[in-house]
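The chain below stands alone and is given in C-alpha coordinates; this is the form predicted alone.
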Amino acid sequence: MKFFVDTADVDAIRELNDLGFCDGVTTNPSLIAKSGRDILEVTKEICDLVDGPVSAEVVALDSDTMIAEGRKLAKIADNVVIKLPLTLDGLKACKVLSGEGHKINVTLCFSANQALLAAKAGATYISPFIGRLDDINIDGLDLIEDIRTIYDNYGYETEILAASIRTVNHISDCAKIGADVITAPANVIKAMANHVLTDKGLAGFVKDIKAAGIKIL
(Lines give C-alpha, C1' and ligand atoms only; values in the text may rest on other atoms or scores of the structure.)
Protein backbone atom coordinates (compact mmCIF):
# COMPACT_ATOMS: atom_id res chain seq x y z
CA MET A 1 0.00 0.00 0.00
CA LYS A 2 1.20 3.50 -0.84
CA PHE A 3 1.05 6.32 1.70
CA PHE A 4 0.21 9.81 0.48
CA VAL A 5 0.36 12.73 2.91
CA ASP A 6 -2.73 14.94 2.89
CA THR A 7 -1.28 18.38 3.59
CA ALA A 8 0.31 21.51 2.16
CA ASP A 9 2.71 21.74 5.13
CA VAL A 10 6.14 21.41 3.52
CA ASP A 11 7.90 20.67 6.82
CA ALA A 12 5.49 17.79 7.60
CA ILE A 13 6.00 16.38 4.12
CA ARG A 14 9.78 16.62 4.42
CA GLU A 15 9.75 14.77 7.78
CA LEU A 16 7.71 11.83 6.49
CA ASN A 17 9.63 11.76 3.23
CA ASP A 18 12.90 11.42 5.16
CA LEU A 19 11.35 8.52 7.12
CA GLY A 20 10.33 6.78 3.91
CA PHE A 21 6.61 7.13 4.68
CA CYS A 22 5.71 9.51 1.85
CA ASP A 23 4.96 7.93 -1.52
CA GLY A 24 3.09 11.03 -2.68
CA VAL A 25 1.10 14.06 -1.56
CA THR A 26 -2.49 15.22 -1.92
CA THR A 27 -3.36 18.89 -1.58
CA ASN A 28 -6.47 20.97 -2.13
CA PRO A 29 -7.29 24.69 -2.15
CA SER A 30 -8.49 24.56 1.47
CA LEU A 31 -5.20 23.06 2.70
CA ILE A 32 -3.15 25.57 0.72
CA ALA A 33 -5.30 28.46 1.96
CA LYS A 34 -4.35 27.50 5.53
CA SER A 35 -0.69 27.92 4.58
CA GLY A 36 -1.37 31.47 3.37
CA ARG A 37 0.77 30.90 0.29
CA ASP A 38 0.25 30.95 -3.48
CA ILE A 39 -1.17 27.68 -4.83
CA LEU A 40 1.30 27.40 -7.72
CA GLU A 41 4.28 28.25 -5.52
CA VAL A 42 3.40 25.68 -2.86
CA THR A 43 2.67 22.99 -5.43
CA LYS A 44 6.04 23.54 -7.13
CA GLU A 45 7.89 23.32 -3.81
CA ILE A 46 6.14 20.07 -2.88
CA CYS A 47 6.79 18.57 -6.33
CA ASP A 48 10.50 19.38 -5.97
CA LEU A 49 10.57 17.76 -2.54
CA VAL A 50 9.00 14.37 -3.31
CA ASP A 51 9.49 11.94 -6.17
CA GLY A 52 5.95 10.56 -6.09
CA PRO A 53 2.64 11.95 -7.38
CA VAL A 54 1.41 15.32 -6.09
CA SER A 55 -2.31 15.97 -6.50
CA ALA A 56 -3.08 19.61 -7.29
CA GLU A 57 -6.76 20.53 -7.45
CA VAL A 58 -8.55 22.81 -9.89
CA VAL A 59 -10.84 25.50 -8.49
CA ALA A 60 -13.27 25.88 -11.41
CA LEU A 61 -16.66 24.18 -11.57
CA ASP A 62 -17.24 24.09 -15.33
CA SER A 63 -15.45 21.58 -17.53
CA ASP A 64 -13.84 24.02 -19.97
CA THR A 65 -12.18 26.01 -17.20
CA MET A 66 -11.24 22.83 -15.32
CA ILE A 67 -9.45 21.63 -18.44
CA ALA A 68 -7.58 24.92 -18.82
CA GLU A 69 -6.63 24.96 -15.13
CA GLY A 70 -5.58 21.31 -15.28
CA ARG A 71 -3.25 21.97 -18.18
CA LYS A 72 -1.68 24.87 -16.30
CA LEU A 73 -1.20 22.78 -13.14
CA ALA A 74 0.35 19.95 -15.16
CA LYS A 75 3.07 22.31 -16.39
CA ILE A 76 4.34 22.86 -12.83
CA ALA A 77 6.18 19.52 -12.71
CA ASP A 78 6.16 16.06 -14.25
CA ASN A 79 4.79 14.48 -11.06
CA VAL A 80 1.66 16.64 -10.84
CA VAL A 81 -1.64 14.76 -10.75
CA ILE A 82 -4.62 16.90 -11.70
CA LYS A 83 -7.34 16.68 -9.06
CA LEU A 84 -10.93 17.02 -10.27
CA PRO A 85 -14.29 16.87 -8.47
CA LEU A 86 -16.67 13.98 -9.11
CA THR A 87 -19.30 15.89 -11.05
CA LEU A 88 -20.35 15.47 -14.65
CA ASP A 89 -18.19 18.47 -15.55
CA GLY A 90 -15.31 16.95 -13.60
CA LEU A 91 -15.73 13.63 -15.41
CA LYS A 92 -15.80 15.41 -18.76
CA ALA A 93 -12.56 17.18 -17.87
CA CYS A 94 -11.14 13.84 -16.70
CA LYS A 95 -11.89 12.24 -20.06
CA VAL A 96 -10.21 15.07 -21.98
CA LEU A 97 -7.16 15.48 -19.74
CA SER A 98 -6.53 11.75 -19.28
CA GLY A 99 -6.80 11.42 -23.06
CA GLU A 100 -3.96 13.92 -23.32
CA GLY A 101 -1.82 11.70 -21.11
CA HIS A 102 -2.25 13.53 -17.81
CA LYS A 103 -2.71 11.65 -14.53
CA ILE A 104 -6.02 12.40 -12.84
CA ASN A 105 -7.27 12.09 -9.25
CA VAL A 106 -11.07 12.23 -9.14
CA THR A 107 -12.05 13.35 -5.66
CA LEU A 108 -15.14 13.65 -3.46
CA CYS A 109 -16.37 10.14 -4.25
CA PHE A 110 -19.17 8.85 -2.02
CA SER A 111 -20.68 5.96 -3.98
CA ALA A 112 -19.63 2.92 -5.99
CA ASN A 113 -21.57 4.26 -8.99
CA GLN A 114 -19.47 7.42 -8.95
CA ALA A 115 -16.29 5.34 -8.76
CA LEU A 116 -17.40 3.28 -11.75
CA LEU A 117 -17.97 6.40 -13.83
CA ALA A 118 -14.56 7.79 -12.86
CA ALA A 119 -12.84 4.59 -13.99
CA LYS A 120 -14.64 4.70 -17.32
CA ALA A 121 -13.60 8.36 -17.73
CA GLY A 122 -9.94 7.37 -17.39
CA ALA A 123 -9.15 8.40 -13.82
CA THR A 124 -5.73 7.38 -12.52
CA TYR A 125 -6.98 7.54 -8.93
CA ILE A 126 -10.43 7.58 -7.32
CA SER A 127 -10.68 9.20 -3.88
CA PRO A 128 -13.55 7.82 -1.77
CA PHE A 129 -14.00 9.76 1.48
CA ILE A 130 -14.24 7.37 4.43
CA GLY A 131 -14.50 9.78 7.35
CA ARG A 132 -17.18 11.97 5.84
CA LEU A 133 -19.38 8.93 5.26
CA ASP A 134 -18.78 7.81 8.84
CA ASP A 135 -19.97 11.28 9.92
CA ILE A 136 -23.43 10.56 8.52
CA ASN A 137 -23.56 7.03 9.96
CA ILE A 138 -22.58 5.22 6.76
CA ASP A 139 -19.60 2.88 7.02
CA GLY A 140 -17.00 4.40 4.70
CA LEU A 141 -15.03 1.16 4.62
CA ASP A 142 -17.97 -0.58 2.94
CA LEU A 143 -17.50 1.81 0.02
CA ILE A 144 -13.82 0.90 -0.28
CA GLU A 145 -14.78 -2.77 -0.38
CA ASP A 146 -17.50 -2.21 -2.99
CA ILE A 147 -15.16 -0.28 -5.27
CA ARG A 148 -12.44 -2.93 -4.89
CA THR A 149 -14.92 -5.63 -5.95
CA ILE A 150 -16.17 -3.67 -8.98
CA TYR A 151 -12.73 -2.70 -10.21
CA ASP A 152 -11.45 -6.25 -9.82
CA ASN A 153 -14.51 -7.65 -11.63
CA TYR A 154 -13.70 -5.68 -14.77
CA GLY A 155 -9.97 -5.12 -14.58
CA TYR A 156 -10.10 -1.34 -14.17
CA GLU A 157 -6.64 0.08 -13.59
CA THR A 158 -7.88 3.12 -11.63
CA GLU A 159 -6.25 3.01 -8.19
CA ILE A 160 -8.35 3.30 -5.04
CA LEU A 161 -6.98 6.23 -3.04
CA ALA A 162 -8.77 6.09 0.32
CA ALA A 163 -9.23 9.62 1.65
CA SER A 164 -10.74 11.39 4.66
CA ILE A 165 -8.71 9.10 6.88
CA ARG A 166 -9.35 9.92 10.53
CA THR A 167 -7.76 7.06 12.48
CA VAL A 168 -4.96 4.53 12.30
CA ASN A 169 -7.62 1.81 12.18
CA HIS A 170 -8.91 3.32 8.94
CA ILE A 171 -5.45 2.74 7.46
CA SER A 172 -5.08 -0.91 8.53
CA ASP A 173 -8.67 -1.68 7.52
CA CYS A 174 -8.07 -0.17 4.06
CA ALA A 175 -4.93 -2.29 3.75
CA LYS A 176 -6.93 -5.44 4.58
CA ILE A 177 -9.59 -4.58 2.01
CA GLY A 178 -6.99 -3.90 -0.66
CA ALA A 179 -7.01 -0.13 -1.22
CA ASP A 180 -4.05 0.82 -3.40
CA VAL A 181 -3.28 4.06 -1.59
CA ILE A 182 -4.31 5.95 1.53
CA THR A 183 -3.93 9.67 2.00
CA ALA A 184 -3.90 10.95 5.56
CA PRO A 185 -2.67 13.86 7.66
CA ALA A 186 0.91 13.52 8.83
CA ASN A 187 -0.09 13.11 12.49
CA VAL A 188 -2.30 10.10 11.69
CA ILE A 189 0.46 8.36 9.73
CA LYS A 190 2.97 8.99 12.55
CA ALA A 191 0.47 7.69 15.12
CA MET A 192 0.67 4.25 13.48
CA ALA A 193 3.95 3.74 15.35
CA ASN A 194 2.29 4.21 18.74
CA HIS A 195 1.11 1.44 21.08
CA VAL A 196 0.67 1.52 24.84
CA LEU A 197 2.36 -1.88 25.23
CA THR A 198 5.38 -0.70 23.27
CA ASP A 199 5.69 2.25 25.65
CA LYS A 200 5.26 0.00 28.67
CA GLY A 201 7.80 -2.51 27.40
CA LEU A 202 10.34 0.19 26.61
CA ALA A 203 9.94 1.70 30.07
CA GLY A 204 10.74 -1.72 31.55
CA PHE A 205 13.82 -2.10 29.36
CA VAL A 206 15.09 1.34 30.37
CA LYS A 207 14.61 0.53 34.06
CA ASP A 208 16.49 -2.78 33.73
CA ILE A 209 19.30 -1.21 31.70
CA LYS A 210 19.84 1.55 34.23
CA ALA A 211 19.80 -0.92 37.12
CA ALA A 212 22.39 -3.11 35.38
CA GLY A 213 24.51 -0.17 34.25
CA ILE A 214 24.53 -1.47 30.67
CA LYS A 215 26.18 0.74 28.06
CA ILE A 216 27.04 0.19 24.39
CA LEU A 217 28.76 3.50 23.61
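Numbering starts at 1 and follows the sequence shown. Just so it is clear, the structure is predicted and the values come from calculations on it, not from any experiment.
What follows is about the form predicted in complex with a small molecule, which we do not show.
In the predicted complex, the small molecule stays beyond 4.5 Å of every heavy atom belonging to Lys176. In the predicted complex, no heavy atom of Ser63 sits within 4.5 Å of the small molecule. None of the heavy atoms of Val54 is located within 4.5 Å of the small molecule in the predicted complex. Within 4.5 Å of some heavy atom of the small molecule in the predicted complex lies at least one heavy atom of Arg166.
Residues of just one listed stretch (152-160, 64-72, 25-33, 167-175) have heavy atoms within 4.5 Å of the small molecule in the predicted complex: 25-33.
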